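This document opens with one chain alone, in structure tokens, the form predicted on its own.
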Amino acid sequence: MIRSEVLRDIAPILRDQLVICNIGLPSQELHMIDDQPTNFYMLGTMGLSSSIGLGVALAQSKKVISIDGDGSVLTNFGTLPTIANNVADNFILLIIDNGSYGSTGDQPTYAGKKTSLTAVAKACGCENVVECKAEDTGKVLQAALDSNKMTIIVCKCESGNIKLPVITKDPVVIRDRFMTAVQS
């Protein structure tokens, strides 16, 4: 499975949650698959989905799922120790690890080579870290939601992209509708 297939598979689970989605193609894919006011699409800030998601989780009680990529987590390595040391049991970080920088042409990441983001998250002190195959992501995500414990999920999938248009919604509109969803 490639990332877009994983997102299509988990879209029904995401629908009732606050979702912060990684920059570029993951946001475009989720927008195309199931656009919701509870989805905050990152349009120009690589590596910050997990940080913003943790902040939203710490600021209120609704469950928050950050969808991040291995390349983005690698560009903001400080996010994992920050998450480990600021536990929010309403927060789930879903790292879709396809071993590549998908939005810029599928150049390989170090997670596609020798670096294990599962091992790194554990070494940073994250206590509930689960690695899964792409096809098991829905089951693992639902279990994490049901557990009411902060969870890091590393979904291992194949590299590959689908062709799709950019998100045409104004970033202010995306922000405002998400903030309304957070407050409701």
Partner chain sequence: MSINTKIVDDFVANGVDFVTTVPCKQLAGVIDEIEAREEIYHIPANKEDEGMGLCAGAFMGGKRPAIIMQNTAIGVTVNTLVTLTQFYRMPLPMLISYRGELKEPVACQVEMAVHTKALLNQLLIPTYHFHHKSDADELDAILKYTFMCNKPVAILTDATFWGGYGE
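A quick note: this is a predicted structure, and the numbers were derived from the prediction, not measured. Numbering follows the first chain given and starts at 1.
The same protein also has a form predicted together with its partner chain, omitted here; what follows describes it.
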Among 111-119, 35-43, 150-158, 128-136, the region lying within 4.5 Å of its partner chain in the predicted bound form by heavy atom distance: 35-43
4.5 Å heavy atom contact, Ile52 and its partner chain in the predicted bound form: yes
Val56 within 4.5 Å of its partner chain in the predicted bound form, heavy atoms: yes
Touches its partner chain in the predicted bound form: Thr82 (any heavy atom, 4.5 Å): yes
Residue contact check: Pro171 to its partner chain in the predicted bound form, 4.5 Å heavy atom: yes
Its partner chain in the predicted bound form: contacted by all of Asn76, Asn86 and Met179, heavy atom 4.5 Å: yes
